[in-house]
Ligand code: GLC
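Before any questions on binding or motion, here is one chain by itself as structure tokens, the form predicted on its own.
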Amino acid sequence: MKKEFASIVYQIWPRSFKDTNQDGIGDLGGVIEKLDYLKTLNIDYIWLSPIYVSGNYDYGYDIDDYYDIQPEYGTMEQFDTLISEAKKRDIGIIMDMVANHTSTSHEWFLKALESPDSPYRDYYFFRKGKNGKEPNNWISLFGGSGWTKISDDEYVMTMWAPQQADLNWENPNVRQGITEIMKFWLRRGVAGFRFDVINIISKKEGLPDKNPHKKGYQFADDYINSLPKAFDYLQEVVDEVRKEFDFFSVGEGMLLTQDAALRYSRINDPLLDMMFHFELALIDCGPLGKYDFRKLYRWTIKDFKSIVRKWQTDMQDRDYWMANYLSNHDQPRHVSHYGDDKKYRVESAKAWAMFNFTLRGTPFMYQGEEIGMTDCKLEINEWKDIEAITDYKVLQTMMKLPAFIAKKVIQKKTRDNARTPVQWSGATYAGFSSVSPWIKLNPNFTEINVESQANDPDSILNFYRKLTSFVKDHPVLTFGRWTEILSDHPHIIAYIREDEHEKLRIIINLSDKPVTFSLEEPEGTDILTTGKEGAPYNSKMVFAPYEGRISEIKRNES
């Protein structure tokens, strides 16, 4: 097994992490300043969301220049300092490789517009319109058409924001360009890459309509999702880079299937070290994504356990590797999404941490989750996310929702929930900055912050520190076999992690109610998990709401 599998990764969305030049925007100086704090969380890698030069239409995911640092975040010299200081603490830096699209201000795109004969035209998907309309009925994943008009009769494919033009990976020059970008940053000292929506880099040949009599929901089928050439293209790029570098790699797989995950991250023959899937993130959404309100954002613990069971058993039975997460820059805060962010916020945050860090796979945590940060209610004029702003209109026009309902849908699912500033203290502006931040600060920062939790032994922060240390000391929690128990219990998720050296039983109440259960001690089990009153679980007992304490995993030395 690769050593990278046993890593703990901390994701930073730099714009909201820590501001050191007092402009209300997080920066590289803030990451450097907090390296010692991050080390207390026992992390091995920091994944930086994009820090390249960008027009900020999608806050870094619309890249103008892959070879330089966004001035708001700092300089290349500061980046080199970050690499150096992180290495002193045995922390590697993972860059976000956005390779499905560039911004429409990128040099390649600007050169493509210079002339109809420009060789850069084939770097993108330019098409003539049909009958005064778009070339086909494909839609954007941010809502609306997947095409942006660039002249009276010509369009370019933009499956995200209109400022993000999809790259044509069939062109070998595109693949070579991505290869050179990766080599540039690896020479600079980065440890690896997180590949953004890497499973959609190939598009169906001819870009045909998806059922011309219906809206073009092409992303749910075989029009862009893990097509055969996507694997070939990625294989070519990573093989070329691996001739010179060994690097950490994790891929984001939009609507990823298990068969595709196997091809991407097979342990013995990997394209990438590991993949993310979205099934837990979208558990309460309809088939069209997180703003598909038709499930009314309802889900059950039974649903949740079914998804976990599906992925945990398949990845170990077929020998591929996954990255585990509950929060990131694209999803609501998980203590609000899955847990109870009010009465049982502390208990809930600990329980979900216990879950995320004891699954088979590599655990990722997102900035602020280690103190139990919650969603923040933002009004329409406070939204910053282009996805939210666009889909607010789409929900009213395409889905025919009244404006007040569309607003509530956006408020529940907007990416802005995850992007409010990290709450470092109860001081003015939460210790994030000395000036008003670029986005609204969650008003609960006076209660929820790093400073107030740092010296509290029962805090969420110190639970994370104990939990991550425990995971490091017990390889069984990374590599051991995962076997579910209490599979039919409506409130508890429970499983055994075991290898030839150790056997651990994890039992977590995911509900906001006390629950009872009975568990017979399996023959040969040498691990006992004790409850709130110290009673062994091989008797019937009461389990407190959102139970999830590191003290509840104990080795029976007798």
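Every value quoted in this text rests on a predicted model; they were computed, and no experiment measured them. Each residue number is its position in the shown sequence, starting from 1.
Although not depicted, the form predicted in complex with the named molecule is the subject of the following passage.
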Touches the named molecule in the predicted complex: W160 (any heavy atom, 4.5 Å): yes
Y495: touches the named molecule in the predicted complex, heavy atom cutoff 4.5 angstroms: no
Proximity of K350 to the named molecule in the predicted complex, heavy atoms at 4.5 Å: no
S103: touches the named molecule in the predicted complex, heavy atom cutoff 4.5 angstroms: no
Partner-facing stretch of 176-184, 413-421, 369-377, 451-459, counted where any non-hydrogen atom is within 4.5 angstroms of the named molecule in the predicted complex: 413-421
S249, N199, Q164, S327 - the one with a heavy atom within 4.5 Å of the named molecule in the predicted complex: Q164
Of F142, F463, Y429, F109, the one that lies within 4.5 Å of the named molecule in the predicted complex (heavy atoms): F142
Heavy atom contacts to the named molecule in the predicted complex at 4.5 Å, residues of 52-67 in sequence order: D58, Y61
